[in-house]
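Coming up is one lone chain in structure tokens, specifically the form predicted alone.
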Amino acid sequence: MKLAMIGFGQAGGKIVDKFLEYDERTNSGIVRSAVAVNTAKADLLGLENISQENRVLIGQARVKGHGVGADNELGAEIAEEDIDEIQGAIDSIPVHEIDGFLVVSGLGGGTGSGGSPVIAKHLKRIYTEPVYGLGVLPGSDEGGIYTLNAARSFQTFVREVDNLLVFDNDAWRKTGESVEGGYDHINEEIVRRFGVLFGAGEIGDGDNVAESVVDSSEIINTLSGGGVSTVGYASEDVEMSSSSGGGLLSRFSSGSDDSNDMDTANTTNRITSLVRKAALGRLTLPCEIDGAERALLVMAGPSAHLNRKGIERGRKWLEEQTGSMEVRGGDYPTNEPRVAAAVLLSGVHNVPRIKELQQVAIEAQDNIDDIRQESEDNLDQLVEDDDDELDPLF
């Protein structure tokens, strides 16, 4: 699936930057174009893979490149005011070559949580391609203002996109891990999971062709209908062999040879085991999978370690577990020595973290003045700490 990615705010920019790195490393062909938008000049300077001309600094007249200090109302206002500057970068995207837009942001800060729903709404008004969101929820230990921002942004963001894919930091931060190290680890996990999912169907010259193709239409159909989605992932290292590229005929034309039968059984068992681990293990947004409206299974790995029987068993198991009749599945041959299962669950409902955020939003109305003061103090501190020696970006 070819995507135009727009990273909004610090977290969004870093994740899109990491997607470009993944794309280069795996030759997956996911990112057709990448744009980073921010109110903080320093955050844009810290990016490594997004081209300079696609880094957009907004709000210069109001915050002078210092960021918005976790004030997501200000972030939304600036995005509205400077939408033409953002559109200037979007105009360079070859829209006729993409399958959809992906707006990526952290929902706890100010720029991303405020601005991402604004740009999503803008894109949906202008373009016919689907607009998806990838929102990262803050950890519960990051502070009240960030939790409130996430609660408010989530409600708006999910309304403005065709589907909101969610990653919950709370479920992924390791005990004793530094904040910076924790975010680097989390960004790797995000890109690995969504990279396998969106990479399906993007086959290059010389690649093995999938037995049961997962193309962009399968992903789009699974994400159709709106709502919230989560992704499960599980992988296992395998040995590469010179016969790994045999494809469909080599897997099914060898008669009843015992060793081939054993290989087929092992491959099938590995696939079904990985599907269960992916769906029942750590999801990007923890939830009960029963009741998911739609699901998609993508099996990635060397073609010799994939087979139709295992994928079909995994797909039927997902049907039983979710109760959905809309469960799609297929394989995505790669040249990496690893078999991976990515399970996309779309339209999930029983999500404890979302219920918790909604409760926080209700309770926060009682001390909204204190929270706003905290945002103003954050912004004042950013201005005071400005480093005048930063190289100009624009």
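One-based numbering along the sequence shown. Source: prediction; values computed, not measured.
Heads up, the form predicted in complex with ligand GDP isn't pictured, but that's what we're talking about next.
Across the options 183 to 191, 153 to 161, 317 to 325, 294 to 302, residues that bring heavy atoms within 4.5 Å of ligand GDP in the predicted bound form belong to 183 to 191. This chain is drawn without ligand GDP; in the predicted bound form, the residue among D82, E218, E142, D99 with a heavy atom within 4.5 Å of it is E142. Although the partner is absent from this view, G195 stays clear of ligand GDP in the predicted bound form, with no non-hydrogen atom inside 4.5 angstroms. Residue contact with ligand GDP in the predicted bound form: Y146 places a heavy atom within 4.5 Å of it.
Residue contact check for V136: one or more of its heavy atoms lie within 4.5 Å of ligand GDP in the predicted bound form. Although the partner is absent here, G108 is a contact residue: one of its heavy atoms lies within 4.5 angstroms of ligand GDP in the predicted bound form. Along 10 to 34, residues Q10, A11, K14, I15 each place a heavy atom within 4.5 Å of ligand GDP in the predicted bound form.
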